[in-house]
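One chain follows as structure tokens, the form predicted alone.
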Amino acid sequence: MKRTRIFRTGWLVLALVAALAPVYWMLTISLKTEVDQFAIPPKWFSFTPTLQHYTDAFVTRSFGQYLLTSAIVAVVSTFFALLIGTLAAYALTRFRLPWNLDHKLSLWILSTRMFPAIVTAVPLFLMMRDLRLLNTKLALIIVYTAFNLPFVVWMMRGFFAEVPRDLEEAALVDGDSRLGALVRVVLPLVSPGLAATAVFCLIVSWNEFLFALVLTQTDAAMTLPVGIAGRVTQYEIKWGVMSAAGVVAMMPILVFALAMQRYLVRGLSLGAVKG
């Protein structure tokens, strides 16, 4: 028994090291001078830290603007994806359509996630060009909202299915409207699912690269992933600046995930009504 516990602990420690080692390496690169970055053997701990790369990224260069753009696009697109997707999921869960269309619509919505993103990049570029939305935050918000909608619908559909109908029927008998029952009765019960879905959508929108690369070319509309990739040129690679921007880009999502951690446990709606 003791040997098994030691074995499991060893594997957990190994997995933890494997997960945190790249993060630690990126953090140290952002604090090292260019001489220390390429030192042989590598300087894991014994180096003089410097904030030069952070100053270069967010004072000299436009990474501050990229960070603000990413925050606006990610938050707004996540909000609209949750708003539209939650209403759609509730409708597909609670209302039955003729010819079993509710199940067919659910499968069709899920099938849109099966297409490779690169397949839709050129059509989206042509559509946004015709709408004169290239190099705008609105184009990214529209695309990210549409990209996250299928996931929101399927996630929330599963959570809504766990909520007993008796709760809504009781609210309707008391004079509440269908929308009021959704807002005041159902949504508080599925708040863990809503939080988990919001975290996923925010991470996807924050880290998305392909559509941002295709639809934006100016500093005013460029997101942080595209801005970081732009530091790789044919002449040099700014490892320190890229690492500094990567560390800063990681912090908002990490803080948001930690803040939502207590809401990520499923099952609050299970057993809400006892027979």
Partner chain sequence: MSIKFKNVTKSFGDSKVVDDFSLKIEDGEFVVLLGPSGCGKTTTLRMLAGLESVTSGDIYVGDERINDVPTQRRDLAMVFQSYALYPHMSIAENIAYPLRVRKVDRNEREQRVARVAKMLEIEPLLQRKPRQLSGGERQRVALARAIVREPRAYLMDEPLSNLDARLRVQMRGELKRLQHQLGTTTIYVTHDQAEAMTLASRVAVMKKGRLQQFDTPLNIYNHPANRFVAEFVGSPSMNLIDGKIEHGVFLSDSIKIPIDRSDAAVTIGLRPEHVHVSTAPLDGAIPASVYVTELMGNETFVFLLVGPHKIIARAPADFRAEVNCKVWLRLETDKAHFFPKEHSTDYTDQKQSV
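Predicted model, so just to flag it, every value in this text is computed and none were measured. Residue numbers count along the first chain shown, from 1.
If you look for the form predicted together with its partner chain, you will not find it shown, but the lines that follow are about it.
At a distance of at most 4.5 angstroms from its partner chain in the predicted complex, none of the three residues Asp56, Gly64 and Leu68 contributes a non-hydrogen atom. Listed residues Val76, Leu172, Leu133, Ala195 were compared with its partner chain in the predicted complex; Leu172 is the one with a heavy atom within 4.5 Å. When its partner chain is considered in the predicted complex, Leu167 lines it closely, a heavy atom lying within 4.5 Å. Contact check for Leu189: a heavy atom falls within 4.5 Å of its partner chain in the predicted complex. Using a 4.5 angstroms threshold between heavy atoms, Ile72 stays clear of its partner chain in the predicted complex.
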